[in-house]
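Coming up is one lone chain in structure tokens, specifically the form predicted on its own.
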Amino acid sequence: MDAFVMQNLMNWLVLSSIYALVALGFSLLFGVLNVIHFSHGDVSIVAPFVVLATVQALIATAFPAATPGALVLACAAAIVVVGLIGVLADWLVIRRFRNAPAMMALVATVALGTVIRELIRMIYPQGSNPKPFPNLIETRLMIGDLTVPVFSLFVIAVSVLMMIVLYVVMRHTPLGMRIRAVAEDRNIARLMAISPSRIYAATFFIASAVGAIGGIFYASYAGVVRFDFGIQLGLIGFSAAVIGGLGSMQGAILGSLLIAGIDTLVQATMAEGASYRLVFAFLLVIFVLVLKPSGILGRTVMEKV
């Protein structure tokens, strides 16, 4: 196969993997809470800043330089920290809108995203400026005439592994059973001695931690991170979840494949394609929603009025 085609195929799979990690968080939270957590992208993009700060702290204390060990520890710390930030966001803001109209929660999470971005600018040194972000794996493999970054293979492998883990957790563990019970009917779940508040906290931690992995991969793929990257990452992740059907994990993956495919195709075939890629991606969102408002794999919900 032509090296150009193979390279774009690899780009498509990497972008799909990154978008899917964020989209899964949107679908998981909507499926359990019936709330669109619009600040999810901003929460996810906190992770690269935590990585950079942790690496600097480790260099100043335990490591003489930015070694792979320091980077691994920093990434692990960032995933846990961002998971806890997601729980904190729910406890401080989102839980207060459990029984409110959906529009109130939507506006509140949009405002929360703005607060998170401004806090990054304020707390992180020179937070308004783009920050170089290291490539997690520098090694490259030669496959025929094609040079494949090991980082790309790593992103795809980790993303697939996370999808499998999430599926197993949701379908074959007591926690997953409780999450699905609360998503179905939280009042009935209470009667079965399931605490909805604990399930909400666990769901926010899982969704935010998975999003943190996506945020780290996104920054490493771009080679730079900026405080407002969460807007674009969140919009793409949300759009992927909407295309596939909010609340459907399989739909989030399918939507990510479609959006990343349009993204890669436009950049590969159009002059100045990088400037217009999101135009075509969001046109795809409009097209799908016009044809099927519930998303490709979403189910139409009937409500009595």
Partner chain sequence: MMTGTSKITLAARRASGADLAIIAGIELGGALLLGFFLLTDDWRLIVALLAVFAAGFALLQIRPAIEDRIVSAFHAARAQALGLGAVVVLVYPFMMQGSSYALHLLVIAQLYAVLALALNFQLGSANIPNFATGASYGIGAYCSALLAIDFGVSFWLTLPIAALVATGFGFVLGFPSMRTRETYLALVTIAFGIVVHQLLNNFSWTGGPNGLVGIPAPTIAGHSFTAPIELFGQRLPSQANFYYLAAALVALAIVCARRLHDSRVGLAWNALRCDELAARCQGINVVWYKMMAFAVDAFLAAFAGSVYAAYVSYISPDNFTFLVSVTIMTMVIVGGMDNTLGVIVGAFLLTLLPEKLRIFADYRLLFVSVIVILFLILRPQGLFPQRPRSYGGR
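Numbering follows the first chain given and starts at 1. Source: prediction; values computed, not measured.
Separately, the form predicted together with the partner chain exists; it is not shown, and the next lines address it.
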Counting heavy atoms only and using a 4.5 Å cut-off, do I36, A108 and I231 all touch the partner chain in the predicted complex?
yes
Applying a 4.5 Å heavy atom distance criterion, does S256 contact the partner chain in the predicted complex?
no
Might T61 be said to contact the partner chain in the predicted complex, defining contact as any heavy atom within 4.5 Å?
no
May I ask you to check whether V115 falls inside a 4.5 Å heavy atom distance of the partner chain in the predicted complex?
yes
Look up in the predicted complex whether M142 has a non-hydrogen atom within 4.5 angstroms of the partner chain, and give yes or no.
no
R190, K131, R96, R180 - the one with a heavy atom within 4.5 Å of the partner chain in the predicted complex:
R96
Any idea which of 198 to 206, 100 to 108, 155 to 163, 182 to 190 reaches within 4.5 Å of the partner chain in the predicted complex, heavy atoms considered?
100 to 108
In the predicted complex: members of 118 to 133 within 4.5 Å of the partner chain, any heavy atom:
E118, L119, R121, M122
